[in-house]
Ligand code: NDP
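Take a look at this single chain in structure tokens; it is the form predicted alone.
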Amino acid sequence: MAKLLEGKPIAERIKEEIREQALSLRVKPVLASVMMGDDPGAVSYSKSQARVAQELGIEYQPHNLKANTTETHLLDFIKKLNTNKSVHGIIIQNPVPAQVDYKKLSSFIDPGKDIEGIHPGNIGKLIFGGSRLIPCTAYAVMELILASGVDLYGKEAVIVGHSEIVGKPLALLLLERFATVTVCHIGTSKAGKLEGHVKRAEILIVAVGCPGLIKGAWVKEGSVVIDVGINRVGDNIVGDVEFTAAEKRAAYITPVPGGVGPLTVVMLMRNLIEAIKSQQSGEYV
């Protein structure tokens, strides 16, 4: 039976680290949140950010814009936040309305204030292992894997899902620790090869948003399973992995909810502290 990798205890430890580091700063950390419209998921995530920020003594500034805000107006608004020296970090709440190009928007944020770690400059630095601002979900996944105590060197790591904020940056983070990385996606599934890749995974990370996509019987004995998926099925929240069957085969597994989720917001706040350190030192993050 697998040992549960729960995010909350790790999150509490990191919160203490953030509090200690914040004391060494010469300013009170300020995080600006920009949200367009009232998407329920975005509203819920923003509330979580505000709650954690308050716990850590961080000033959280919500900027709620109308859903029909034009891209031009939005870029002008971001520009003002970029140049506002009292604002140390910026986050754009997803999803954004159809009239807004999210990739263009993320590229427009000052990379030194990009606490989501999604600016091309920060993503690019992952290739060289030098980025201090790392996409939060990928960052949370790495913390959970490290908490298992498993040495990644030479391990077969399989990522299911190749998004810009989870799968792709996670592959770079795992490569940095000399894991052997395979990234699976819809092409892998359509080619009928997903099961084969999953079965040899010593480290399995799934981030697709499809309940029960990964069958428990596919999970390798003694593996580490990180389930990033959050899916509502009836009255229940479930992941992308068949948990009950997978739990019997894996050595470590994250619960859903309670695994990656509690860590993601905390990693955002860790990025904010790193951003402020770089801003104060004059270093490009």
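Owing to the predicted nature of the structure, the values given are computational and were not obtained by experimental measurement. All residue numbers refer to positions in the sequence shown, first residue = 1.
Not pictured, yet referred to below: the form predicted in complex with the named molecule.
Taking 4.5 Å between heavy atoms as the contact cutoff, choose which of 199, 155, 177, 185 touches the named molecule in the predicted bound form. Filtering the options by heavy-atom distance leaves 185.
Exactly one of 109, 207, 92, 134 has a non-hydrogen atom within 4.5 Å of the named molecule in the predicted bound form; which residue is it? Of the candidates 109, 207, 92, 134, 207 is the one lying within 4.5 Å of the named molecule in the predicted bound form.
Even though the named molecule is not shown here, does residue 81 get within 4.5 Å of it in the predicted bound form, heavy atoms only? Result no; residue 81 lies far from the named molecule in the predicted bound form.
Is there a non-hydrogen atom of residue 271 within 4.5 angstroms of a non-hydrogen atom of the named molecule in the predicted bound form? Outside the cut-off, so no.
Using the partner position in the predicted bound form, report whether residue 229 sits within 4.5 Å of the named molecule, counting heavy atoms only. Contact with the named molecule, yes.
In the predicted bound form, is there a heavy atom of the named molecule that lies within 4.5 Å of any heavy atom of residue 161, even though the partner is absent here? Output for residue 161 is yes: heavy atoms within 4.5 Å of the named molecule.
Taking the named molecule in the predicted bound form, would 194, 260 and 264 all count as contacting it (heavy atom within 4.5 Å)? All of them do, each having a heavy atom within 4.5 Å of the partner.
Which among 230-238, 35-43, 58-66, 246-254 is in contact with the named molecule in the predicted bound form, heavy atoms within 4.5 angstroms? Every other range fails; the passing one is 230-238.
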